[in-house]
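First, one chain by itself: the form predicted alone, in structure tokens.
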């Protein structure tokens, strides 16, 4: 995990101090910093404006069809940012969906607005899930105490409820912020130049790979600073109630006819923008294509390429996560805690920067791995290791050590105990981790772009390339396929969310 990042540092510091200073003080570097900050701030702000009212409506009011609404507002996770960008591009313009169907020609939303909309409509469910869980577990007696002390309902929300939602807000903002900082597909299609896009251009066009390495280090520093600030804001805070007695059930606000209409109208607007828009645009372009039969051979070949890295990466990530989880749960120590934290490095580092680190590592220390299928699988496994580690570690926490001790007492060795006792016990967690890695790897774009072998054209690259070249008709089947496989991830999230709610 760390060795390629060390090679990235070595590559960056090959230059003399004067050159480094000139690189960092370039006007373009400042512009990239401003653009990246503006994009992240915009996505966080719009995501909050969407997610917070939705979470409040579904948990604290008597909104009709709340269960259906909960499913509908999570489904946009099946539409990756670059597919959402494809939908926005396919919606507008002279040949777009709106002009062809309704005669309304909108300018294509390139730049900050387009990138912000595409990423917001994809990422807001991450914040919604966190806020919904926090509001479901929030003790309404705290609000009732504030009301008894003279606060209005609005004042109680802002003075009591909202501060208690800070951990959920920070958790959601962290996920969305890290994704936005490292996003490549949506910003590239929307032609909005941020660090991730500039790194790829500098590397792929061979303009200045030294500059690319420094841009990657800046991007990593930004991402790690976001993680640090999130942990600092959570540090030392207490949110649990300390009084005696049991918590009261949630008091649901009765909306009335007008409130129901406004609430459902807001939900309909969000669902139409985040889910109806990509589905309608994809259906339009698929209909114009007439049939997908001519594209079926290429589609199947792209699916095979995606499957050839996603499946082994999922298995490898689970195999890597097992000993790390065992160390963290069964043998807690400073060393195991350090190993556990390092496992999250690949997920915290922006994908483009992580991939560039492996480029420099293989070119300087392991050239035989450069642009190989094995390297792509390995980097996928390392980048998404944290996704596999979470469910496996949780399953190990629930597995009773006494069963393993009994097996050892009956003569089983360490490996036999693990194989016959521990692994069957934690199998659901292992499968869950593999599913997460598999589905994310199926739609991964920036790492694939940087490290793919020659001639390797999975679904994400094929769809992105054809969209960036204006071939929306040819890109539509690949975008639809990506949405279908991304829906597996959404189904997994909803299944576990339903289990948590039943518990």
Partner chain sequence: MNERPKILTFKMPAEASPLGYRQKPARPLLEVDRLRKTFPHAGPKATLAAVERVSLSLGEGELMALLGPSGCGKTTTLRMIGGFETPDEGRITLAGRDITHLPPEARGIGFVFQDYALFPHLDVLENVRFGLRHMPRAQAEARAGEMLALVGLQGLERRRPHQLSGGQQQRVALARSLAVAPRVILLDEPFSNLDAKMRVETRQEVRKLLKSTGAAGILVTHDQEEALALADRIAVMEGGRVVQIGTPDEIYRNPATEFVANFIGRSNILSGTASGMEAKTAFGNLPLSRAANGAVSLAVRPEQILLEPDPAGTASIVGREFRGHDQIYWVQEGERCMIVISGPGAQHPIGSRVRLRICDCVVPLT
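Numbering follows the first chain given and starts at 1. In this text, all values refer to a predicted model and were calculated from it rather than measured experimentally. Take the two forms, superpose them, and find the largest set of C-alpha atoms that agree within 1.5 Å; that set is the rigid core.
The next section is about a form of this same protein that is not shown, the form predicted in complex with its partner chain.
Its partner chain in the predicted bound form comes within 4.5 Å of no heavy atom belonging to residue 364. Looking at residue 412, you'd find a heavy atom of it within 4.5 angstroms of its partner chain in the predicted bound form. Taking the partner from the other structure, its partner chain in the predicted bound form has a heavy atom within 4.5 Å of a heavy atom of residue 406. In the predicted bound form, residue 416 approaches its partner chain with a heavy atom inside 4.5 Å. For its partner chain in the predicted bound form, the listed stretch (83-91, 395-403, 335-343, 310-318) containing residues with heavy atoms inside 4.5 Å is 395-403. Listed residues 420, 232, 288, 252 were compared with its partner chain in the predicted bound form; 420 is the one with a heavy atom within 4.5 Å. Proximity to its partner chain in the predicted bound form, defined as a heavy atom within 4.5 Å, holds among 161, 425, 136, 260 only for 425. Residue 221: CA moves less than 2 Å between the shown form and the other one after rigid-core fitting. After superposing the rigid core, the Cα of residue 411 is displaced by 2 Å or more between the shown form and the other one. Once both forms are overlaid on the rigid core, the distance between the two CA positions of residue 398 between the shown form and the other one is 2 angstroms or more.
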